[in-house]
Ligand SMILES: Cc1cc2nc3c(=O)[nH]c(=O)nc-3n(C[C@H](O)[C@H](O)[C@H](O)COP(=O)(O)OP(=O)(O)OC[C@H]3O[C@@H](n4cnc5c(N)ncnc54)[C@H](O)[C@@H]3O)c2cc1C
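A single chain comes next, written as structure tokens; it is the form predicted alone.
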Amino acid sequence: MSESTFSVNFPTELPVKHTADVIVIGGGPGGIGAAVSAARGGADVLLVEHYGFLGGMATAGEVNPFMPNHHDGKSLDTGIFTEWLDRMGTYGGRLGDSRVFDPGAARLAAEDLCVEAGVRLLYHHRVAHVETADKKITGIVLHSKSGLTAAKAKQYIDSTGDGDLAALAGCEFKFGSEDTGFAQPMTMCFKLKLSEKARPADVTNGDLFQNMMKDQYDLIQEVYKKAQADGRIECPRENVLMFRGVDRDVVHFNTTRVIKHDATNGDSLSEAEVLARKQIRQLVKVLSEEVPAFKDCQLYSIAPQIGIRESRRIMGRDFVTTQDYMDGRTYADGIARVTYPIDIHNPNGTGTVLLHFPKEAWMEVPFGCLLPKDIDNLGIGARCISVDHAVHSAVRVMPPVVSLGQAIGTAAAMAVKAGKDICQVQGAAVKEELIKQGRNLVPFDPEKQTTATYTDEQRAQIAEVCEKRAGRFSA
């Protein structure tokens, strides 16, 4: 034994504490969609979550608001996502009929949907090991305050976001940009509560954010950039990104940026948390001292964990490329529709790429992108599906991720009912079932397998993104 290693004696046998038809690992947006849909489909479902609450990036990451994913003025994520959003409103946790929400209400609403569907919840547990044989998961090892225990199911769903279950099962994956190997940067969200003392004398009532932030937006950006140049703010993001909170005097910041860190590496993830909070301290100090709107402001909240945009992408039985996305490809087994733009925060530093569809276009995610090619009884219900780096930047946002979860959960229940593995379920049949559930999907038209038409200028932009694989940015 060298000084750099340490011998351990782990148990060779563990008690099987939990069994189910379907085990979902991860209770974020995708896990909520997967667990609820599988349970509604008649399966006995166990949802395993390492926090003591559900919601993932919506709650632990406090990412806000939900990004738009619409076509012809209608949400493309009708179904469990819209149920979740509507349920938040019953707790007063939603700003009108917008997609601005309160993380606490999101926790309660997600748990409501799961409990009402019959999902069994197992909090404070994390998958630590996976046993496989003949391209199947035969059991998993969970770690909690109780130590190590085993769990077994007929079908498994990885909704960890980082693809932890799939990676532990030996599935092939890609990581980050094809060009640089770095994933999109991490962001720790936080909120500031504005002070009534900072209200201008000529503004007597109403929404503090609307009345004050718009008037001082340019000043905020100017102060921020000067502080960057002076070294007082070490965040490499190009601007201050702000949204209104549910409360009229709360400002939500999606501004910190930690680059070149790996969310699947424990040391790197830990360091990212420290760097992000250092940026928060700097931002709060500069804004409160130099922008009148933030005079006497108070910290309202800091996300319990840093927000993660990208890490592993599990290679599946289908794969969507940037060109497929920008052509607006449709599929007979298209189980989700997406219009959210390619949205890449520079993995290397400053800059953000936004590349939108033409007005009438959309693309679809084929069912095969949710099926790891290496394991037959495993599906992906999270952002880590089988697409390239640029496409991932569009499908990763939370509303379509819930839809991906709903699709794979539906397929898992169909597999259990038929006595098959999840990879043996026909994607076209899953799509038909999702349409019956009210998902905003359209029947496949073999005469119209692309939906996008472009100007020459737009095609030049697309060609540039495809050539660069969305990996090179100016520093």
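The first residue of the sequence shown is number 1, and the count goes up from there. The structure displayed is predicted, hence computed values, not measured ones.
What follows is about the form predicted together with the named molecule, which we do not show.
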Exercise for review: Tell me the stretch among 377 to 385, 214 to 222, 149 to 157, 102 to 110 that has any heavy atom within 4.5 angstroms of the named molecule in the predicted bound form.
Suggested key: 377 to 385
Practice item. With heavy atoms only and a cut-off of 4.5 Å, decide whether Asp164 touches the named molecule in the predicted bound form. Key: yes
Check your understanding: Can any non-hydrogen atom of Asn254 be found within 4.5 angstroms of the named molecule in the predicted bound form?
Key -> yes
Review point. At the 4.5 Å heavy atom threshold, is Ile233 in contact with the named molecule in the predicted bound form?
Key: no
Check your understanding: Quick one: does Met67 come within 4.5 Å of the named molecule in the predicted bound form, counting heavy atoms only?
Key -> yes
**Study point:** The unique member of Leu355, Val240, Ile308, Ile280 whose heavy atoms fall within 4.5 Å of the named molecule in the predicted bound form
**Key:** Ile308
Review point. Which listed residue (Val430, Val416, Val63, Leu441) meets the criterion of a heavy atom within 4.5 Å of the named molecule in the predicted bound form?
Key: Val63
Practice item. May I ask you to list the residues of 373 to 407 that have any heavy atom within 4.5 angstroms of the named molecule in the predicted bound form, in sequence order? Key: Ala382, Arg383, Arg396, Val397, Met398, Pro399, Val401
